[in-house]
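Shown below, as structure tokens, is a lone chain in the form predicted on its own; questions about how it binds or moves come after it.
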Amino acid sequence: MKKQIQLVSIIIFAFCMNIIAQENAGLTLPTGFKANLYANNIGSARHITITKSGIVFAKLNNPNKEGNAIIRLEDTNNDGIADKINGFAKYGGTGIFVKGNSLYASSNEAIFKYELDSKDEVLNPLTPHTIVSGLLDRRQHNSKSITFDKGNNIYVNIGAYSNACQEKDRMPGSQGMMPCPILDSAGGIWKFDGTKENQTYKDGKRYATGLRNVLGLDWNTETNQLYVAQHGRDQLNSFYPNLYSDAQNAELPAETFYEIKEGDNAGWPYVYYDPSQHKKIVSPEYGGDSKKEGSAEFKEPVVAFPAHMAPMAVLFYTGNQFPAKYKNGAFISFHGSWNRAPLPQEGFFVAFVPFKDGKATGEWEIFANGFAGMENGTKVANPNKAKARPCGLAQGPDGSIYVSDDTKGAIFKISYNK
């Protein structure tokens, strides 16, 4: 009889947990938070942005089945679910940002500007203004993420078309090029004037360098500084098995979060950040031995995350809906790893970095988890089987945050129950 009661209790508990998971769109959140599926199956949704009236725009990595790569989503009855969805633009890409009455979006080579009317409808969907063109696209790390400062300046990531700037890319034993010629036109953040049309490289400024690839970047309005999250390099062990074990390769290098000022150099490809030694280490392609410390001229990260988890977006929270601890802190989405073997693959969550007096405390935590789903009672670890992979982040006018997924094309809305 006791066993039957225990079995019934287990079934009831599992049923209740399943209901809770469904209510939260399958996500695990801190106490007091709830999530719902704002939209689904819209296409490969990369970054997202939201107008003051609550209209969501999503940039698709590739045009969807209707041939559109920018999706406009509106919740007309305020039930937390988009019920008016349409699209435009034929080019794929990642970056999208609302600034005033304008919508900016990027392909892998250019940045375009659209005008919005009083209802946040796009006035010129077929004839955008070209703000910048001719940005480098060598197919590797070619996403052009964008953000703005308090003025009208655009900051755009131009990723390095290389893993470690070797003479022969991703070839064991190939030496690093010194100086790295890629840094002239990639591997950093470029700054452009958002009000001027038809700009090219010569009209912009290399704002910061030594950044392998930055998908996530945001302007911290409290400190008036740019922050970026970098994708670290790969293949230390497969290139240098005499210096790195498989286990070390799974944990190196850290995914790094930087406060960036004009002229900063984060050190790629010459150094990487080792989270266990808490210091910058000279890359083996440039004479490193896994212990030799890198030059002080290179930027220190404000936070070091576990390796290979792929940070995709950064969002500084300025709303008032969430508890006070979240105010002016940074949310960072992690797409999930593919190369942490022999350790389990990790990521597939949204992290939170608390800030105090304008500085990161370093005590980061997982805020939203469960995007990847479950398989045989355990968290899905294969990115190809993940139910969802967090990508874009945006804050709604009510203080809720939205998270996009570029696998099935979902958008999650996360709110706090006061």
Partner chain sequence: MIQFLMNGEINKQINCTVKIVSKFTLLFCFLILALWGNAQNKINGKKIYETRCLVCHQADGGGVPNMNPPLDGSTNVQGKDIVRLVKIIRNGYDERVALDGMYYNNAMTANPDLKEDAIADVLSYIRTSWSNKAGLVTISQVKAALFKNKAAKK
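A quick note: this is a predicted structure, and the numbers were derived from the prediction, not measured. Positions refer to the first chain, counted from 1. We call the rigid core whatever largest set of C-alpha positions still superposes within 1.5 Å between the two forms.
Beyond the structure shown, there is the form predicted together with the partner chain, which is absent from this document and is the topic of what follows.
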Worksheet item: Any idea which of 233 to 241, 322 to 330, 281 to 289, 148 to 156 reaches within 4.5 Å of the partner chain in the model of the complex, heavy atoms considered?
Response: 233 to 241
Discussion item. Looking at 385, 52, 65, 356 here, can you tell me which has any non-hydrogen atom within 4.5 angstroms of the partner chain in the model of the complex?
Written reply: 385
Worksheet item: Between the options 140, 86, 225, 248, which residue brings a heavy atom to within 4.5 Å of the partner chain in the model of the complex?
Response: 140
Worksheet entry | Site check 110, 129 and 313: each within 4.5 Å of the partner chain in the model of the complex by heavy atom | no
Practice prompt. Answer for residue 341 alone: is it within 4.5 Å of the partner chain in the model of the complex, judged on heavy atom distances?
Written response: yes
Fill in: residue 100 within 4.5 Å of the partner chain in the model of the complex, heavy atoms
no
Item to complete: Considering only heavy atoms, tell me if residue 61 and the partner chain come within 4.5 Å of each other in the model of the complex.
Response: yes
Discussion item. Contact with the partner chain in the model of the complex for residue 196, defined as at least one heavy atom pair within 4.5 Å: yes or no?
Written reply: no
Fill in: Neighbours of the partner chain in the model of the complex among 153 to 175 [non-hydrogen atom within 4.5 angstroms]
169, 170, 171, 172
Discussion item. Superposed on the rigid core, does the Cα of residue 381 end up 2 angstroms or more away between this form and the one not shown?
Written reply: yes
